[in-house]
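Listed next as structure tokens is one chain, alone, in the form predicted on its own.
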Amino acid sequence: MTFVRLGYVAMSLKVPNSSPSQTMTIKNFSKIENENAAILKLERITRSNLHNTLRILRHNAAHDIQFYRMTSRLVPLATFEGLPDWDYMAAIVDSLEEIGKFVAEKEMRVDFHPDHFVLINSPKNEVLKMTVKTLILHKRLLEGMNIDPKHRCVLHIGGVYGDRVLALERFIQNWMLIPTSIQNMIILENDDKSFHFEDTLYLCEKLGIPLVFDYHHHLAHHENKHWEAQWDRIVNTWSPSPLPVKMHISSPKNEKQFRAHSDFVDVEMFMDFLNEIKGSVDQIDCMIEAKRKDEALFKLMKDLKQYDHIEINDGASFYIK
């Protein structure tokens, strides 16, 4: 028997006017002649994003959802080089503490998935420097919430840059330049075009990083489709982590657009995965990457009720026997 928790990404379609990703472009920031006024506007947007994050977390708690990915766009322009002296943390410390207190009280698992421009294996020093800067931002936000940052940031390996093997080795070289406190945050995910799960497993085992297995990505991009033979190795990468094994679940939009995410999760596809791994771990947290966000989670829970060997625990978790 395995206990399964479901989560979703960033936006709720059930909570009105609750975007946690409101932003401000550099162009619009530059249009405001008074820099202090521009910074105050940035801080208002940031506090609104954090307020909406808390609203979503309260919605999640009301529906038993204990697993949630926060947006990486909580603080617009936080890494903008034109604002080197902006102490954004001073303006949001109370909001972060309020979120952290709620997360702790409800025993939720929250994490981040920084954007595609965060590239540890980049051959460009300036990209690597911005990657570290962006990851430091995520670490500061988590620490501001009094959440242990360990294994809270999902990353892809990065770009192939014309040579996949060399790109993997560059990740290892650049990894040694990453501060240990930032290394400890990172978990790696296989992707749908560049690095399949065996590439990812190679790095995870070599560097001691947990692997987030994305089942949809694997179906879209693999050399050996039989992931099941390596499942124990995937699970073992989580052995040093204080958190349960994590995976991503989504479904293809259609056969022609196989890599694109569907609005909802195909329950049969999900059950194919679950039937292979049941009993291999006590618990697994499954992050839904579907277009319909929390609606997809609610529909999936409803669809799972048809299976005799699924025992529903609450509104967002179940046991598979």
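It should be emphasised that the depicted structure is a prediction, and the values quoted were computed from it without experimental measurement. In case it trips you up, residue 1 is the first one in the sequence shown, and so on.
There is another form of this protein, the form predicted in complex with the DNA, and it is not shown here; the text below is about that form.
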query	finding
Single option in 127, 207, 178, 235 placed near the DNA in the predicted complex, where near means a heavy atom within 4.5 Å	127
Contact residue in the predicted complex, chosen from 109, 73, 150, 222 - any heavy atom within 4.5 Å of the DNA	73
Segment that reaches the DNA in the predicted complex - one of 197 to 205, 96 to 104, 225 to 233, 153 to 161, heavy atoms within 4.5 Å	153 to 161
Non-hydrogen atom contact residue 313 with the DNA in the predicted complex at 4.5 angstroms	no
Distance check, residue 77 to the DNA in the predicted complex, heavy atom within 4.5 Å	yes
4.5 angstroms heavy atom contact with the DNA in the predicted complex for residue 31	yes
Exercise: residue 281 in contact with the DNA in the predicted complex, heavy atom 4.5 Å	no
Residues of 1 to 33 having any heavy atom within 4.5 Å of the DNA in the predicted complex, listed in sequence order	11, 19, 21, 22, 23, 25, 26, 27, 28, 31
